[in-house]
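Quick heads-up: it's one chain on its own, the form predicted alone, in structure tokens.
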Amino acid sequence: MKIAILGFGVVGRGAYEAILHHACGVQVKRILDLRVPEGMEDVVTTDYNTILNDPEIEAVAEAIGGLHPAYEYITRAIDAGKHVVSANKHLICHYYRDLHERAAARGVDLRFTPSVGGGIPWLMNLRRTKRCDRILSLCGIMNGTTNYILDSMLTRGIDFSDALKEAQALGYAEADPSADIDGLDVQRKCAISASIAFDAVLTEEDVPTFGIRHITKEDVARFDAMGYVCKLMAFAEERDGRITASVEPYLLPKTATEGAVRTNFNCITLVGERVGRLSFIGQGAGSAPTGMALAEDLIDIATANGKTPVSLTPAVIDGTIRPHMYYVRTSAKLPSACILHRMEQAIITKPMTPADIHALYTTIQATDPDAFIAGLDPDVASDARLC
């Protein structure tokens, strides 16, 4: 099968290398990019029409990123009867229903395995598991940038700003890191994962989200002294047809599986009714891992492997599921009814739902924009020192 790669940056180059050296049955005929590298004039083009109008090209791999012009390129490819694979979680999350409906109408495949977890075979195994099982819940570390920052703050006692600068220098974080540190990247990955797991379409707005922008080294040291670690976690759960999802910094025992995940690694877990708990750990980003996953989607299309039906039923969201306690570090005065225990410069709340804590946070922000909130794992919440 002859294919085209859209974008020759980190992910696009990684996919090209994987196909060039390992992908049996797939050949890169064209690459779309703004610049034509020396020696690749026969492959790289700046004109998308040369790809769109080439009947030999059966699939395109989108590795541009962002919403536009990626959306226009993908939809034009689908309308031309070409299969599409993408690593673009923003695009897939934002246009989940639209892209699936377009692909179904044209009878082409739409795949996006690398959009969540990079090189980790997360979405592939999520789909595989749900063929014979019911997914009860999913959770995990879905962003390597924030995990690197939190791990560096813990292991070396450095400030958030210094850890972020290191992540940027290493290429883990963009010049504008907002999508990572404000949790928006994980929010999109959580929505995509939950949409697949529960056969219902979740949007970004359905996933209330806290990031780590305001965490301090004093917060991290306080958690560490008590034997806990903070991770940015995604959660999604289905009960009786109702779904709740959220993204938040979360305190875990150091002995927890996620608590031991270091540097820029991801750890994503599903819980099935029959299979129980399955966790997937590995590189969640990077040229080789993500490019390889993109190439694997293309090979699956070429070999007609693993195509599964997709449900586009609107999700029934219930923000009252899964109440738990929260750590809140703020100078704002909080309603006494929500306070379980007071700590130095922080409080532990009584069990609250994600909807409740977000409503409280909106009030807090009016007087304390630097407030930090983290959910408490049940093992942490049972610690007598907190209660």
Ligand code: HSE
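Keep in mind that this is a model prediction, so the values were computed, not measured. Note that residue numbering follows the sequence shown and begins at 1.
One more form of this protein exists, namely the form predicted together with the named molecule; it is left out here, but the text below deals with it.
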- prompt: Hey, in the model of the complex, does Lys189 get a heavy atom within 4.5 angstroms of the named molecule?
  reply: yes
message: Would you classify Glu204 as touching the named molecule in the model of the complex, given a 4.5 Å non-hydrogen atom cut-off?
response: no
message: How about Gly144 - does it come within 4.5 Å of the named molecule in the model of the complex, if we only consider non-hydrogen atoms?
response: yes
message: I'd like to know if Gly140 sits close to the named molecule in the model of the complex, meaning any non-hydrogen atom pair within 4.5 angstroms.
response: no
- request: Tell me the stretch among 291-299, 179-187, 234-242, 211-219 that has any heavy atom within 4.5 angstroms of the named molecule in the model of the complex.
  value: 179-187
- prompt: Phe198, Tyr96, Tyr172, Tyr228: which sits within 4.5 Å of the named molecule in the model of the complex by any heavy atom?
  reply: Tyr172
Contacting member of Ile135, Val261, Ala285, Ala315, with respect to the named molecule in the model of the complex [4.5 Å, heavy atom]: Ala285
- prompt: So which bits of 78-92 sit within 4.5 Å of the named molecule in the model of the complex, heavy atoms only?
  reply: Lys89
